[in-house]
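Look below for two forms of one protein chain, each set out as structure tokens: first structure 1, then structure 2.
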Structure 1
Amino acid sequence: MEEVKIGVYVCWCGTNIAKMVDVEEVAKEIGKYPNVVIARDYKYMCSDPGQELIINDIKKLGLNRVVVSACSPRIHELTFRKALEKAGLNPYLFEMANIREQDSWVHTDRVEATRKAKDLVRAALHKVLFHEPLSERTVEINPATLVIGGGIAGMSAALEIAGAGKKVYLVEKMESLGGMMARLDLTFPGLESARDNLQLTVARVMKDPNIEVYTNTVIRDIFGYVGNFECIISPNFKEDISLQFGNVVVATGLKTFDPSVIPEYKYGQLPDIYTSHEFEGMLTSGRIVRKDGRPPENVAIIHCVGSRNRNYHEYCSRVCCMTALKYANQLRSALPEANIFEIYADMRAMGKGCEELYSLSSRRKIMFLMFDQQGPLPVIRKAGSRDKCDYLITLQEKLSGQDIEVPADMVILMVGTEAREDAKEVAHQVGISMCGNAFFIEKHPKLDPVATTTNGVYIVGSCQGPKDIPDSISQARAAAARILGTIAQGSVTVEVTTANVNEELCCGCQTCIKVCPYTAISFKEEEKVSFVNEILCKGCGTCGSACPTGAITCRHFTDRQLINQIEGLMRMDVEPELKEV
């Protein structure tokens, strides 16, 4: 038996950890524990010099276990696993303790935070004693790709992949391609024709021999795993077709908020109150007129309708402010004598050229009035017979602190955006998660913004959250690059910390099948036991915790490992069972 030799590394993370945790004291105390050969603290463990410390110690001191106490494993666990691999050590003989998000960032008492850091590192130390080497698995990649959604994001991804000579199946639920962009007149901030740009993109897609387009088509089912997916689609909602592919791009977009639920705005109750998308149609037709055919003399544009409000949606819909400025400029050009009012909560002019459009708009005799989005909303009511307008909008103007009335003959409601009604169905089909607002969740918001926790499934565009056209296209191209990279490799590494069923203990209750979020478990009818597809399994542990007989073991998170980790966390005076491996 080989003696266990553990290296422990405590990260300062600049001041992120060191400000609240005495990292030197943590390393000093942990260094006294049995089997700990070296315990170091370093300012940035994830940096190249920090990784080199680990690599050199493994080689010089013969380390066969490593514990790094730093940030969340979601951020840098893979970084340190690769460092172990580079040093010739199995990457799964590693454990990470989170003393940043779970300690220094959530505490104000330095003494207690330091004590907690010691507990967390000691828990990791106890667990890593029982880690076992795991071997990576790879699967071959089918070079075809399925793109779900024919908006600008979906088409951009399809064109990038097809441009590399790879097959793409583009499936769109509606009768034509274009998505939300097809409803736009001009784009911001340059006020360019959305229709012209979109038509060029659609034409490229339709002409590309590597793109097979299915419009008016629904997806019945998707099954398989990265590299080897299959789905059943129904073109025109009636002829079933089977498609095989290696990766999936989800680009299903979003929908607009229905403002009729906001009583202050009287949408659907009074004429000449339009949503922003209804007004787009008016701009496309070239006629800006009221219901009676007369041009408006007073136009009010109300921002944040359904967005950034705790009663509706608390998030920002991203594009509304700039679209409202676009409208104001189009109105000023079409109706030079009209009074134009921008009634806004905050002006969010993010993006290249957007602040410049805001400045330009402020010089075109457009009145900007601010209200508190969390306070009383502006209220629209019919004007009296003596008023020279159709409506009066009452609001508490935030900058002046006064209650004012704004005249209007036409009101444009800048409606927010929200997830589509079928988002949950799509998420279930492709095996991905949704946030509280029903947008799809990426693997990591900073380090992996287009991938998901399901290997081979990528999310792009506004199905992930509200975003503008350039951001949607950028995401689409990023996902396409990731997919082309895996296709070029020919194979991809899949998760190995998966679940395993002990058939002798399995009672056949199928509880694990019901709770598995990745549909990775099936039932063997003849043997009456459950079976885990280890390619589909993500090692989340849900099945193991739900199994009533303890028949399911999760690799890398065995009962023995977890119990020992708990003992270490509770500072129990228990000598670790394993001193040799």
Structure 2
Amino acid sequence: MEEVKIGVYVCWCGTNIAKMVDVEEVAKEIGKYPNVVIARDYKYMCSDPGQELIINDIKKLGLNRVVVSACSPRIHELTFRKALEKAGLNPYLFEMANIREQDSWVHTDRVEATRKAKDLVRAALHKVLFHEPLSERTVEINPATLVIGGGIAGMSAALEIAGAGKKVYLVEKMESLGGMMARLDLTFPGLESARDNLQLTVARVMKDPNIEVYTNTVIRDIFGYVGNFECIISPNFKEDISLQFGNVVVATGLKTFDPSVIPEYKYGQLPDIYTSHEFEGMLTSGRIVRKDGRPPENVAIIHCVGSRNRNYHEYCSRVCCMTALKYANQLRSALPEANIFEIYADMRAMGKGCEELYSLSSRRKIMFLMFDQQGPLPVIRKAGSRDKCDYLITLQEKLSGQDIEVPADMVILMVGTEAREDAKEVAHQVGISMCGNAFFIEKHPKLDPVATTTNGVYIVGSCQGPKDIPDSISQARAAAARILGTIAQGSVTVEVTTANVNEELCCGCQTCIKVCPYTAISFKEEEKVSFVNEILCKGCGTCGSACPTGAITCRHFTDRQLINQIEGLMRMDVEPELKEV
């Protein structure tokens, strides 16, 4: 058997790791172990020179195993696997020890953190000894795409993919396309008609021969894997149809916050208090009037309703400030004599043309009043018979430091946005995760913002977090580009860390078949043994833990590898066992 030669690389990550972990000491200690041919520490292992270091060592020293001790494998495992591949070594003969996210960043005692780093690297060393070369498998890509959600994001993705001549199934729950944008009158900051822009898009979608639109349709079930998905839909809640496709774009959007839970604003209790979305409807109809038909003389617009507040949502809903300025401008044009109050917490005017809209608004006789979002909220109450208005809003004005009363005949609550109630259901169907606020989680917050941890599933628009129209469209097109890329390749590499059955050891008890969530295991009647369909297997390893005879190997997480990893964690001494491998 070939002698095992391991290279160990301990990353400083600048000061991120080196500040709390004595990286030189870790490398020195690990260098003492048998089979470790080289142990180095380096400032940034993920940098090009860092990777070159590994590649050169593999070539010069004939390394056949590599351990990198750095950040989380979720960040850079792939980077280093690629480096191994470049050097001609199988990428799976590699293991990472996470000494940043799970060590240097969470501990305060350098001695303890260094001790922990040594344990983790030693464990990785023990595990990598038993790693086996695995060859990547590829599957063909079905060139069709499923887009879930017919809002502006979903439609943009569909158009882009269809424009390249590929089939798209666009599924929308509601009766018509358009989503949230269909409820808007004008868009900020340019105050253009939302409807004009939307209708153009809808018309293009309806005319495109490559897009099959299913409105009033829910998705019953999605199964399969990247390149080969299948789903069951029931258009108009009638008979079921099955669709086949290779990629999925999730563009399910968001919903608005219900302000009736905020007692201070008395929404639903007093007549002329509207959510921004109700007011939008008023603008579309062209009549800004109170319930009794009279136009308001005083209009107050309250910002951050349900947003940026620990009691409701901590995050910023992103579009409300600019929408509020849009309203103020529309109100000023429609009611030249009315008093308009913007009651805001902080004005968020980032983005092209937005600060300019703010500046324009401030020149149109609009009163800006600030309240402290951390302090008590403004309180709306019914005005007395002698007041010349319907309501009075009391607030602590932050800039003047005074308690003031604002007259209002109409109040617009700038409601925040939140994940839809069915987000969890969608997440389950396509196998993606949600963050604490129930928005879907992208694969990497910076480097991979539209992909997800499930291959072939992309998230675009507001289902990933509050977003305006241009950003939603950018994301949609980014996802389309990613999908067209995989379609152009024709095939995609799939999970190689699957399970397989050693037929010699299999006793035919079929326990594995019962625990497999993917029905990937079947029973060969003649041989009386289990068999894993590796295309269906996703590598969870549950069957491996249930197998009573040890016949099932979960590749890359084998019993032997994990048991050795445990030993590596617990045994401080230099292991003579290592030499025998």
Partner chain sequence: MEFQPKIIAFLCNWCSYTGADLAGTSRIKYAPNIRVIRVMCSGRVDPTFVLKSFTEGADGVLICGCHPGDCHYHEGNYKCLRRYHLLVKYIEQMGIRPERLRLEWVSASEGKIFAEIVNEMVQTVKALGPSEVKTVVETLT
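None of the values given here were measured: they were computed from a predicted structure. Between two forms, the rigid core is defined as the largest C-alpha subset superposing within 1.5 Å. Structure 1 provides the reference sequence; residues are numbered from 1 along it.
Chemist: Identify which of the two structures, 1 or 2, is the form predicted together with its partner chain.
Modeler: Answer is structure 2, the other one does not fit.
Chemist: Lys326: CA shift of at least 2 Å between structure 1 and structure 2 after core fit?
Modeler: Lys326 C-alpha, core-superposed: shift of less than 2 Å.
Chemist: With the core lined up, does the C-alpha of His303 move 2 Å or more between structure 1 and structure 2?
Modeler: False for His303: its C-alpha shift is below 2 Å.
Chemist: Does Trp105 move appreciably between structure 1 and structure 2, meaning a CA displacement of 2 Å or more on the superposed rigid core?
Modeler: Passes the 2 Å threshold, so yes.
Chemist: Any chance you could measure the C-alpha shift of Ser530 between structure 1 and structure 2 with the core superposed, in Å?
Modeler: Between its two positions, the C-alpha of Ser530 lies 8.4 Å apart after core fitting.
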